[in-house]
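In what follows, one protein chain appears twice in different forms, each by itself as structure tokens: structure 1 and structure 2.
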Structure 1
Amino acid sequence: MRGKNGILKTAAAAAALLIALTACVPVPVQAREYGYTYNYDYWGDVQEGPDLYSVCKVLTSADLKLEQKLKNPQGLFAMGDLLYLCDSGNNRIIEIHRSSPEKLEVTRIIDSFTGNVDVTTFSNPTDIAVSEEGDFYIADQGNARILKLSSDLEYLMQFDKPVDNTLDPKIAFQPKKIVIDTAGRVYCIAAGINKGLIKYEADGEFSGFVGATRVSFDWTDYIWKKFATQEQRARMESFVPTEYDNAYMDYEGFIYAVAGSLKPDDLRDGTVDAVRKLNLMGNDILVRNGDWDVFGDLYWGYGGGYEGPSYFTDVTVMDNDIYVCLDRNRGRLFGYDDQGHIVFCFGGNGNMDGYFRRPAAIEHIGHELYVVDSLDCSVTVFVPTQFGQLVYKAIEEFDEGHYEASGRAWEEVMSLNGNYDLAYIGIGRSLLRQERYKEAMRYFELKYDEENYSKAFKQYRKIWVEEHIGWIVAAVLVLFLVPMGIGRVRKIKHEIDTADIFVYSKDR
């Protein structure tokens, strides 16, 4: 018995020591792994659900029947049924015709052009945009220029490094991403320039910077910088805007710009924005009425070879105002509606279909999504599932003013996924527009949508008052007149009683 007791005591002491040592060692917080498609509810809990998208096809060099394999593709642009892929490592642009999501074929390889210019080839082209007239705008990064070519690949003009006193003359001009508007103005993101988007007029003249990101700093760091030595200042972080990673111009002419290299604390505090919607003045007008800020995953941690927050490397915007951000860090896609609510989250890191090794660009044709993987040298085609089509139908019916149809579609969505918060909010909004305020309040209350609940309650209260105004007036009159009448009767009675006493005393 003593031997067993000794063994037990020794084991207990060892366990206690192990617990004590474990308590002293910091335990890393592992990144949470979810199902392929998920969302976040009001409480921040992960709600897995049906897939909104499925992989239709993964295009590789073999699928595209390319003699020279793709190498480090970086940019993608869609125009009608044509896709333009920047095969940056091979200094060329590949034109792909889409007959259907399953059938895509190369129609042209663009690796040179004609015109009165010294260099008529590309060097590391990283992005392309096509105007409504068919002109090509190409970020020819290796040649430090933005080219404008005709549809017949004739040189028209080029946009060079902007001449500005605030720019370091030693910085090489390296255009990364470009967008163009209907007037032919060019907005460029260049490596090493963090003053916002570089804006060129249609004639090539540099006209300034647009939409610089907000600057965040700590007052203690600011004060310390005032007293620090020059060497200490050099080691400290500068209070400068963050450089954008990519941009997209929607059908209304607004520019959606994304920045990936942001500090986690700044994202949590809301002092910086991972996504911005810029108007012509460069002001951010993105609506953020969702339960959570627009920065991708809520839980970060580290594990599986990645850490920190989502890194938005590209964005695309559909005609229904749903914008989809591509997370380079964890290989995921995050869709948001025009109010800032999360519509879907899906994807991941890996080498299976629907997963990515290094996602670099995203585009869309209709509701289809196209994602470029620069390391895997492929383009993944996603198409909406039945569930995804229902969600889009509900959103688009609402936008078109068909509120009853939108409500019915949201009810179908809710029958397939009862944990989908957007369905409850969507039904509530459709009822709100139908002036069925009391019913709308119930749906908003279920998902803690305080803003919409307040709107519905305000209208419901107004109608209720109008319908019961007679009773309200009667009640008010009763509340005021009855006490006044009772007081008057008491006063008269008191006067009578005091008058009798006065007469009696006078007679005596």
Structure 2
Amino acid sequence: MRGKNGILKTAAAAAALLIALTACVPVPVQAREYGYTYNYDYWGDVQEGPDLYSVCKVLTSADLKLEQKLKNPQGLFAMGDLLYLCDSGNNRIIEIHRSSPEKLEVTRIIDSFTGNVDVTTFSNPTDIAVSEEGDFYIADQGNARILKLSSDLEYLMQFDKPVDNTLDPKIAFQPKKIVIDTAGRVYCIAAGINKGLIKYEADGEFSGFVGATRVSFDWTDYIWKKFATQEQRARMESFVPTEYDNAYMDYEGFIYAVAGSLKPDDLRDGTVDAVRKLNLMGNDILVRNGDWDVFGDLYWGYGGGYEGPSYFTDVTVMDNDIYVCLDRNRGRLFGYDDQGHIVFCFGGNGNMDGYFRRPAAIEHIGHELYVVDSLDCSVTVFVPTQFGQLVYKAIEEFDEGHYEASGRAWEEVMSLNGNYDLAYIGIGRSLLRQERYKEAMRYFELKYDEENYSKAFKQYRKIWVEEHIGWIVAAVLVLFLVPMGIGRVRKIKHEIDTADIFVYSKDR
């Protein structure tokens, strides 16, 4: 009894001391509202999770050992182990060799080229693409041309402003972003041209516009326009497509194009698309089977000087069909899988590593992500964490047809993050392929995946019916035959009861 009292007293004293101490030492305040990495669940609730990517290195001018500091870098292109960074403000392109994510070295600085042309330097080069043969395609915005240079920097040809009657001849040609396909065709996004991507054939001939964004218009606006005068009409917004912000050619030859400056209401209604996957015809073939439309953040709270939806400024597509969109508005990266499910969201605006001030371009080498910050003049290198590698492993194993291995990987993912919806659906899909329908159904039901649940249930029901067909037939027979039998018996009984001979005999 006494001993217990003593313990209590010591405890009380310790508690008092603790309180006194904490009163002096300011309690560290949790600075972040969100975790760094999060995802949206079926209900649209933010589910924080472990990081899929961690910052490996932030490359600044000093890290790259550049004499002239980077100025407003705009574009990035990866080819094999080489990264090409468009140092737009200094009119040059920097070739960086990546030996490992930690070790990146400048191998070449390209600021001029040779050839039979007047201007052999760049002016505000905003984007670069390199072909399989090693030819450079450079969007030389200030000189209103797209250059094609050989690998040893000799001028080959250039692509000029398209000759088209629908274009205003007064507008200067300002190529912003370019992508090239394996046949040497060039697709260009130019400032002020909203008809889609400008397509050039390999010989430099302009061959049309592809993939203009959808046009959205309000009925009310339309009716207003009917009544408006000419001057009023000129002042009103016209119903025109939005111009793209950036594009990326994936390994299959499809162009992923992003448009950032979209009206929030149109995004919510789904009448415009932030990301489009264009085939050769310029049609959008992006799969949108996710719970949410592909437009980044779902909630656009007004705070910290940021408002409105995510502004996708660049996109990159990995070989496992996961595409990562870069949000300029809140400095975040959004990864989507080939079905349009959100794989990850992370990032933010700020000065710390892994946060951005004005992200401009994104590229990938393998699973690593490279993000260019044009204001901070840096390149941030992200490498997948163990959790990220597991997620990728699960997705890639499934694509290769190793369903059991994929299922196991997803189970590991789930043990690390129980709030990760894709893990449940992944396990379910793996079980579905292994024809373990009942178990698959459970996983799909947990995460409200109607389509896959129905697929599994359809098979499960079929097997169940085939197994119990005898009982089902018996049950149906009983259900029909018993009442029929009873009816027959009653009828006979009724006939006997009302038979003439008995009735007459009763009457008499």
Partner chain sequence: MRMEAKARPLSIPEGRDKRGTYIDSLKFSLYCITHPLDGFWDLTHERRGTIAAANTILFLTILVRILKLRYTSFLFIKVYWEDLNIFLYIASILFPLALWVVGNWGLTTLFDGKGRLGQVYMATCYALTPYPLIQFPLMVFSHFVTIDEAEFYAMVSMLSLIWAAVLIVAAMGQIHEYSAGKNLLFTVASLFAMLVMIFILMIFFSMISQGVAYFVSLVREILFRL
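So that the term is clear: the rigid core is the largest set of C-alpha atoms that superpose within 1.5 Å between two forms. Numbers given to residues start at 1 and step along the sequence of structure 1. Predicted model only: the values in this text are computed from it and were never measured.
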Working through the pair one at a time, identify the form predicted on its own and give its number. 1
Gly44 C-alpha relocation of at least 2 Å between the two structures, rigid core basis: no
For Trp471, decide whether the Cα shift between the two structures is 2 Å or greater, given a superposition on the rigid core. yes
So how many degrees does the small rigid bit swing against the big one between the two structures? 9
